[in-house]
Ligand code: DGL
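Here you get one chain, nothing else, as structure tokens; it is the form predicted alone.
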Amino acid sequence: MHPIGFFDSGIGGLSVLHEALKKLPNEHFLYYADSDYAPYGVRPKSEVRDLLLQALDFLAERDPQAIVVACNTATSAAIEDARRRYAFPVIGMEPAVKPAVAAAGPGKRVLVFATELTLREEKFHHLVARVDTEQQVDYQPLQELVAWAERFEFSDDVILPYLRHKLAAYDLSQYGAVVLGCTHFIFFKSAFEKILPSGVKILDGNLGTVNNLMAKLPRALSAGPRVVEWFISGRAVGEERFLPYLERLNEASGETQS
């Protein structure tokens, strides 16, 4: 059974894998966290490209049927390089700006949260230019959330003051939707819900990415059983390294660990 690879700079891509495990319950997955080099968002684009291709070369040796680059930053920096390099499908992440614009409601603005590198890249600005016909999209880097997620720091005592500080300049009543444009940020969804006014929609690109993956798989779905292999920067590790994050995702969605 040819596996499906998932790559992220660290643990953020687990939120995408979590969606895939629900939609594709009987597949063989590889999850590669480049945690030795996280975070990516503060690194030069050329370095992110080299790190991504090194990781994907490692996964490519395992004959995958497809790889998901479950990292908005790496997608922004080098997804086209990756697609030219491999014969199998390489699926990237894209901030959910288009659905957020549609969901925001009349007269409401959209606020995109992402890493510094994602927000600097032409790929992001081209995306906004395509869909933001009413000039209603604003954006704010929240780079520090990546490091906190990697350290399993989700305490409201730390996160809520940080978010209030970062959003102090915004009149949040003007916004109808926000976009979590980094897969690490999904782990902080409950904190965003406490900060944002009631009724503001919180969107991410995870389900859309998994649907895109399913559309591009080159064969019929597997009958199982499910297998997940885990790697940190090229080293095989046990599931226990990631289990607290998977449990947090399950708790957030009202599920139990299987």
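Note that the structure is predicted; figures quoted are calculated from it, not measured. Just count from 1 along the sequence shown to find any residue number.
The protein also exists as the form predicted together with the named molecule; that form is not presented, and the subsequent description refers to it.
Discussion item. So if I measure heavy atom distances to the named molecule in the model of the complex, which of the stretches 35 to 43, 197 to 205, 225 to 233, 56 to 64 falls within 4.5 Å?
Written reply: In short, 35 to 43.
Worksheet item: Among 146, 100, 112, 82, which has at least one heavy atom within 4.5 Å of the named molecule in the model of the complex?
Response: If I apply the 4.5 Å criterion carefully, the residue I get is 146.
Worksheet item: in the model of the complex, does residue 77 have a heavy atom within 4.5 Å of the named molecule?
Response: No - in the model of the complex, heavy atoms of residue 77 and the named molecule never come within 4.5 Å of each other.
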